[in-house]
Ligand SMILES: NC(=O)c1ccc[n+]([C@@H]2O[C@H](COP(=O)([O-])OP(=O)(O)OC[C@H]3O[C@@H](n4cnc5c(N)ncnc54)[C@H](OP(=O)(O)O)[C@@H]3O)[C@@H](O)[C@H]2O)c1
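Given next, in structure tokens, is a single chain: the form predicted alone.
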């Protein structure tokens, strides 16, 4: 299937490892130019260098997505380097889950700033460029907890629920400009967070994944490449009539459709 991503330019936040890096690599393989950002400069540059060395086109911009000036620089450098923007993947974020009474005001503010406000600010910066090329795609990476929050799942479940509402409302506002907005709600996917958990708990990575699989109907943790395949489809012309959707990527785990 030709995704028609040649000559398209896609921004990916949180692109230095895990799902963001896998997404950038897959988009580049499909012919898109990718601009990736994250706070960790060395890992970010390594991902971009790998893409460029294999014949793709990647730009790495060290960015703190909670700072408007950094986001503005990320967008400006992308335009200077590639000349256009066709899609945005708001992927930056990290899990934070604990009982409600344990969450300080500072942690609430930090989580919302990273997962919610950053997506708002970057989307606002990107939308004029999407309009300039006749439309495009914005994808907010969320979590299934945004639909079905569990006990001790805050603040992440609340931030992700806000991101889902944002996605739906934006899709209504921006449809007239041929800008599609969707959300991908992840369950358990291979990523560096599980590597860190294995190190902290003295388990092997396989043991950590084995502990997650009983809750997943498909019986395994998702691969990062499978996530990247979905994102590549959603930003492509093959998904031209898909907008306002909160798509579960969880192997059937969530109780909500």
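Nothing here was measured: the structure is a model prediction, and the numbers come from that model. Positions refer to the first chain, counted from 1.
In what follows, reference is made to the form predicted in complex with the ligand, a form of this protein that is not presented.
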In the predicted bound form, is there a heavy atom of the ligand that lies within 4.5 Å of any heavy atom of residue 94, even though the partner is absent here?
yes
Taking heavy atoms and a 4.5 Å cut-off, does residue 214 contact the ligand in the predicted bound form?
no
Considering only heavy atoms, tell me if residue 192 and the ligand come within 4.5 Å of each other in the predicted bound form.
yes
If we define contact as a non-hydrogen atom of the residue within 4.5 angstroms of the partner, is residue 122 a contact of the ligand in the predicted bound form?
no
Please tell me which of 231, 35, 38, 51 lies within 4.5 Å of the ligand in the predicted bound form, judged by heavy atoms.
38
Here the chain appears without its partner; judged in the predicted bound form, the stretch of 161 to 169, 179 to 187, 98 to 106, 81 to 89 with heavy atoms within 4.5 Å of the ligand is 179 to 187
Can you tell me which bits of 225 to 257 touch the ligand in the predicted bound form, meaning any heavy atom within 4.5 Å?
none
